[in-house]
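Next come structure tokens for two forms of one protein chain, structure 1 first, structure 2 second.
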Structure 1
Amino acid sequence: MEGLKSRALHHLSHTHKVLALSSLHHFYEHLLQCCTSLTTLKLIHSSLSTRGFLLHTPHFLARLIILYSKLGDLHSARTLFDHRHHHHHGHTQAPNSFLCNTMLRAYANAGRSYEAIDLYIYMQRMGVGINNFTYPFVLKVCASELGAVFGKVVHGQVVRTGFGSDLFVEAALVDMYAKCGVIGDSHEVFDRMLIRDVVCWTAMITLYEQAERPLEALMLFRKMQEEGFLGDEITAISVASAVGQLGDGRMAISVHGYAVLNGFIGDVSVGNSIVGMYAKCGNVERARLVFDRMEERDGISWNSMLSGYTQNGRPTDALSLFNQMQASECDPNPVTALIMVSACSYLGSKHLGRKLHNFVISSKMDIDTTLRNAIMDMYMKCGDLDTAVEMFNNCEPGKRDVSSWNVLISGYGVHGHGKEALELFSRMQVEGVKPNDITFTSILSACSHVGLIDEGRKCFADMTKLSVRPEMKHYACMVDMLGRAGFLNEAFSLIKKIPSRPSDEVWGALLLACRIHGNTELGEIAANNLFQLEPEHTGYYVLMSNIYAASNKWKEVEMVRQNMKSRGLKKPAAFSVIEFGTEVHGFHTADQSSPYYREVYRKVESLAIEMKMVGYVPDLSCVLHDVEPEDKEHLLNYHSEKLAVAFGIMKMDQGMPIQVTKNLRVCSDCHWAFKFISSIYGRKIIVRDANRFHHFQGGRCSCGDYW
């Protein structure tokens, strides 16, 4: 009896112990799951260690190693790892595969490639079993840093050790080759796979999408479905991105349908990518619809929608959505700031730009060099050179980079301050900043805007000395510069010297020069190249027809117009904005939606009469429409930039400059008219067009009619 009792007691206490132990394990597991700081982790670590759990429960050891590496303390992770297998007898003892894999994972996730490879080699040397779990980590490291050469070596080892047909390892190989840019090898691995799943199909689709080969990505997507795989959220994201690259609105709708039908749309990331896809296809309305219907929105959702508006030339919509964002529970981040800064640049509104800058400062978000450069650029594009320069000067030299210099140089360039641009260009070199390709486009276009031909030629010659290889965009700048200055033949022979096929920007620059100098023959050569290269680009048709119109070749004008019409091309809508106090007013061509339109219309009509009295003759060459001359003249009055300027003359105080931003190039008649207006009214008129700034004062323009 007594014996039985004692045995029962013993049994009971044993169960108790086991129970306690298991709940302790759960307790620690819970602690580790909640642990987000190094200090807490160290406390848990020492507690686990005193209980002896680390010696007997490899699970906790692994958890600690992973957590340490996640929180950035790889040293502690490694110490733990080393300690474990030095423990028993004080001499090195081969660690087991599991632990090594864990440590490898820690290195791979932290991007510590060389330590990871070191460990991998150590494993091979010590004869630690390398298994199917090991390779994905090693291949990840190859993908991110070491490259395809090393990856190929590992691939060989995969095959030799007999893991060549493990689904996970194969998928990792596909991804590795893809990230190293060896698409052929990826495809080869993929083709040899006997069993495939969603993950490796998606990896293949993503690979083509990332390589900007959207058609092939979509073909794979179809093939995947034919083989009976539905795909999942991540597939949907990749496919949406591919369709966004194609810009095909109808396909966008069907991908959207795919996501809805399969229930992927509830996923925030899927929603985000659909929003971005629609925006890239030019369908902001649908983008907004999806955005509004999302159950859950994160920072990326807002940023996608905001940049969608900006990309589609709708900065005012971006700004009002930005206000909504601030009222929501989602805080703007530095990327948001970057998008909004570019919206303000586009709009050309000094006031809104400054307000945004103040917001960025007060929100205490991290202003890195990229964001600071964007803000400087915004000030330049809003006509506030002083603030941009001040920001540049107040910035510690360590926080400036080439782009900061580039922003200033190109900013001075678009304002027609060629000398200052050149000074900055040499100053940056004195201060030891190496000019890059963008520096040269900035300086060359600055020279071009002011007609500093010799300086421009010298900079172009200096490029190779400073080991920057001339690219197509630099040739385009040179053609632009030479062409504007009237050296059309020199420009044309430079084009012939370009080692590869001249791009549309190069021919476009020549075409523009031909319009300025009324050269029909060279213009036709340029245009014919352009119509082949970019048949959908409206601007080139418009330019060519302007050239014909200027030399009264109306039959040819009609031909170009018909050509445009048959391709279904329309002149993009012109849009001009003017800042008035804290408001921004926008005008389309012949706009009747503005609350002020009646008075503005009366003003442009009276302006036309006033100008004619002092010698203005309407320049009809920029009217494409097939109408009577009187009607053409009438149409000219309602150009968006004229409406905006008339609004400014009416509403703004005499001392205030009138600043207007137009989305396209300012038309030649408006340019001429503004000279008259600036002189009649004694006002400063500043117009920013798609190319540069025009400062009108006393009957002259800062561009010297050189634009």
Structure 2
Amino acid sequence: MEGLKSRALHHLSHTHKVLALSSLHHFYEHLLQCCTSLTTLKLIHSSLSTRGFLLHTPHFLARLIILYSKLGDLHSARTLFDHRHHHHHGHTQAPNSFLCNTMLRAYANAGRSYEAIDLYIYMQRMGVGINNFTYPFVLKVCASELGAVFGKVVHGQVVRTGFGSDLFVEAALVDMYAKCGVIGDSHEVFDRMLIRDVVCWTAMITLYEQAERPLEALMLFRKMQEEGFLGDEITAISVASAVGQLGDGRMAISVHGYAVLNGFIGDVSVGNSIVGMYAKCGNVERARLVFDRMEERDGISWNSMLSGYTQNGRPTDALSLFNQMQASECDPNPVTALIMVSACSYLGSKHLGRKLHNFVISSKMDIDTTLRNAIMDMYMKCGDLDTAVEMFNNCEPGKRDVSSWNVLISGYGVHGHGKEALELFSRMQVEGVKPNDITFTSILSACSHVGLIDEGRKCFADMTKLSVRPEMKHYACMVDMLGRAGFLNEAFSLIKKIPSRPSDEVWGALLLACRIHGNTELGEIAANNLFQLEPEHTGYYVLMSNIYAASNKWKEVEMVRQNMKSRGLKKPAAFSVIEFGTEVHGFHTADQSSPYYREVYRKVESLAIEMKMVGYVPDLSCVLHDVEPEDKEHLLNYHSEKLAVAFGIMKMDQGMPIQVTKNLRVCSDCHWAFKFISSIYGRKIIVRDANRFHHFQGGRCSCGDYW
């Protein structure tokens, strides 16, 4: 095709036959329409120039400028533009609006903001008539790079030149303010508009959605429909995102219906946003249904579904979908890797974590600081602190950011290495890395895990010196640290000094401390505050119930139970997972769904007998039912973490550590039992609970019974 065009041009320049001017115009117009390469464009340019068309026909000049910019040669476009104005019969000719706007459009579409603004200033200086075609291009570049400050200046010029009520200019103003995130000005222009199109409505809806004000976004969407506008694919994407932010499952179904009815669902971006919306509303089944029906999928489609599984606590589903992704034509990217790292962290699976890390390396994926930090964090959460430390030490100092240090400080903390965490905290400052709010959360909780009270108090006092303002999470860490150590009154006094209303995490930390130290009176104060702040949070009712049960206050236990029942709240089910070879096995408390449950039950019962022979006495205070002691013992045997450890002893080689991950805090009876089991069987048992790691060996735990 390109060869034919070249021959046609060659023939035209050498023919003696004179074509009628209109036919020539027609011929060149056709050539320009079909042109798809720079080589051909340069030939057409040369032919037009030779025949003198460029001097007398601004239309062809504009078409060339547009085509050069479309084909990525902005330099030639600008040279052509300048040549026209500065070399007209040897005189400088004032540029005309049409060509200036064409050049502006080329810059705006190519995202060349500064060149566009230079040209706009040049137009003002040369007295070129700036009109309603000029402003939308100038406002477009303000929206993309220059920002609202310059946009406001242009807005002022729009008003002065009398184009404030032009539909295109108004729409560009709304879009510019919306993309710069300036809600007030955008709404002001929008409210004044006499005629609004779908683009303006969508710009406003998107503005509120991106500002995380989903209710306003959805109210605008409703108004838009009342005014007879349907919306388009971009509207559907913003509305789906707003519903996802709200987490409203019923509304999600109607947005899905809207996308199907209007034929938007075939658009891959709309499909992706519907998948993401359902996942954020917790409806992973519907998200998967939409995903499976998508005719076309891109990387975002796969990542949305993977992320949906991971965020909804279904990491095994995420892993099997990841295997499907690898078999598909879509290659995993660094975002996929981040999601999968999170799934492996959730499972606490060292085997899967290492496998994923190897995959990232072998696929030559770009491992930036964020991904490297996430992989370090994953190793740490999978119980492999040594690899996390090794990765940190092997990383060039220039490629470490504050998060890299935070991951390791936090890792030392949850593994019970408080001293190492403090040393790293000091080293970080010596190396000139400024601690941030997360650093202090990590170091304070590290001090809390091992009872380094004086050091923790000092770190908290140092916050203001290092210009980090204490936030609610830091007060919660301090209350947790003081409370665990038995300084309940000091913890309560600190709560009273918090400048704003204490959050549920602060009162929750105090309630947990009251559970550890059996302080019913202070526990009730904490619980009453919690029931006001978070009336639907099951964990707090369970903790208060624990406190009453430990003091044998069964009437009060029943009262808390009834309160939970009347609110329709259920205690979260305990769940423990253990890795065996390449498989991950899960156990619920009193689980009978595992194919191994009969032999696991037998093993647990024989373990209880073996432990009793060497001095184990069950901690019956862990049972929240007013039942006979024998029944209490029986109930304790079937805790999910005990079932997982029993499975590990049965199935795993003697030399291998048994590693269990539990979704809740390990109970004191299981903690006590694992010390005995580690001693009887000479096995290392590692348990990761909701708060930290416990390494049991030779009858002792790394937490020193302080957790």
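Rigid core here is just the name for the largest C-alpha set that superposes within 1.5 Å across the two forms. When a residue number appears, read it as a position in the sequence of structure 1, where counting begins at 1. Predicted, not measured: the structure shown is a model, and the values here were computed from it.
Here the chain taken from the form predicted together with the DNA appears as structure 1, while structure 2 comes from elsewhere. Positional change of Ile609 between the two structures reaches 2 Å or more at the C-alpha, relative to the superposed core. Core-superposed comparison between the two structures: CA of Tyr107 displaced by 2 Å or more. Fitting the two forms on the rigid core leaves the C-alpha of Glu170 displaced by at least 2 angstroms between the two structures.
Superposing the rigid core and comparing between the two structures gives a CA shift of 2.5 Å at Lys565.
On a core-based overlay, Phe133 has a Cα shift of 4.3 Å between the two structures.
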